[in-house]
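This document opens with one chain alone, in C-alpha cells, the form predicted on its own.
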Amino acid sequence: MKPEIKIFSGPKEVAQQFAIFLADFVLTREKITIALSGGSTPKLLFDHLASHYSKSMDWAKMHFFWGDERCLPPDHSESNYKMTSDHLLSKIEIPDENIHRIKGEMEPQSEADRYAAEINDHLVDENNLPRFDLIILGMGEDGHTASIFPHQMHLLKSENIYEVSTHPESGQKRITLTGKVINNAAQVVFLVTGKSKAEKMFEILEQQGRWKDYPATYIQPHNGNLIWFLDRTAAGKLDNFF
C-alpha cells in the first residue's frame, strides 16, 4: 500500500493538522497504545494539544510509550520523556499508570529488555509481535528514524522489540524500537519539517539517489497505514505531490 502524503504550509500547521487527525483517531478505539517521538515538531504538537485539547480529548484511554529515548535521567534537558512531560503530560489529566517511560538512567541493555517486557504486557500480539495502534516518527537529516541510524540498518530486522543503538557522531547510547515492531503497527505517522529534510524526502518518496541507505525508507507497515505529514520546505522537491 502506498503511503499517504499530506503537505502543509509550515511546522505549526503540521502540528495542528496532526492534532485533528489524532482527535479523530482516538474516537475509534476504546484503548489506544501510542509510541511517541522526540524532536522540534512533536514539541509543537504537544504544546498545541495541551492548549487546545486538554479538556476535550479522552486522555484516560491512551497509553503513552516512547519509540526511542536517550540513555539519560528523566530530568535531563535532552530526555524525550522530559520534553513530553514539560509540554504535554504535566498539562493534561492522564492516569500515571498510562505513562510508560523508558528509564534512560538505567543500564541500557537491561532497560531495553525490561521495557520490551512492559510492551508485551500492554499491547495486543499480532504476527508474533506487539502491535501499536499508533507510532509517531520523525526523520533526521541523515534519514534515520526513531534511533535507527544508517550505520545500524540491522536494527530494522532485529528480532527484539527494543535495542540499544549508538548515535554515529556523539556516541551517545539510546534505546529504540526496532523495524519489525514499527512495521507491525496499525498506523504509522511521520512528522517531518524543514528545508534540511527536503533532499532525503525526495530520495525516499521518489526512490532516487541513495534512498536504500536510509532507515526511514524501510518503514512500510505490513498490515497498517503510513502517512507522511510534511511542511512545504520538507516537501520542496516533491514536484509529483503538489
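Since the model is a prediction, treat every value here as computed from it, not as a measurement. Numbers follow the displayed sequence, beginning with 1.
There is another form of the same protein, the form predicted together with ligand 6PG; it is not shown, and what comes next is about it.
**Student:** In terms of non-hydrogen atoms within 4.5 angstroms, which of the given stretches 26-34, 40-48, 178-186, 201-209 touches ligand 6PG in the predicted bound form?
**Tutor:** Selected range: 40-48.
**Student:** Check, residue by residue, if 74, 101 and 173 all come within 4.5 Å of ligand 6PG in the predicted bound form, counting heavy atoms only.
**Tutor:** The answer is no; none of 74, 101 and 173 reaches ligand 6PG.
**Student:** Can you check whether residue 138 is within 4.5 Å of ligand 6PG in the predicted bound form, heavy atom basis?
**Tutor:** Residue 138: contacts ligand 6PG in the predicted bound form.
**Student:** Since only the chain is shown here, I'm wondering whether residue 165 would be in contact with ligand 6PG in the predicted bound form (any heavy atom pair within 4.5 Å).
**Tutor:** The answer is no: residue 165 has no heavy atom within 4.5 Å of ligand 6PG.
**Student:** Can you check whether residue 70 is within 4.5 Å of ligand 6PG in the predicted bound form, heavy atom basis?
**Tutor:** Yes, residue 70 sits close enough to ligand 6PG in the predicted bound form that at least one of its heavy atoms falls within 4.5 Å.
**Student:** Using the arrangement in the predicted bound form, list in sequence order the residues of 177-208 with any heavy atom within 4.5 angstroms of ligand 6PG.
**Tutor:** The stretch 177-208, when checked against ligand 6PG in the predicted bound form, contributes only 197 at the 4.5 Å heavy-atom cut-off.
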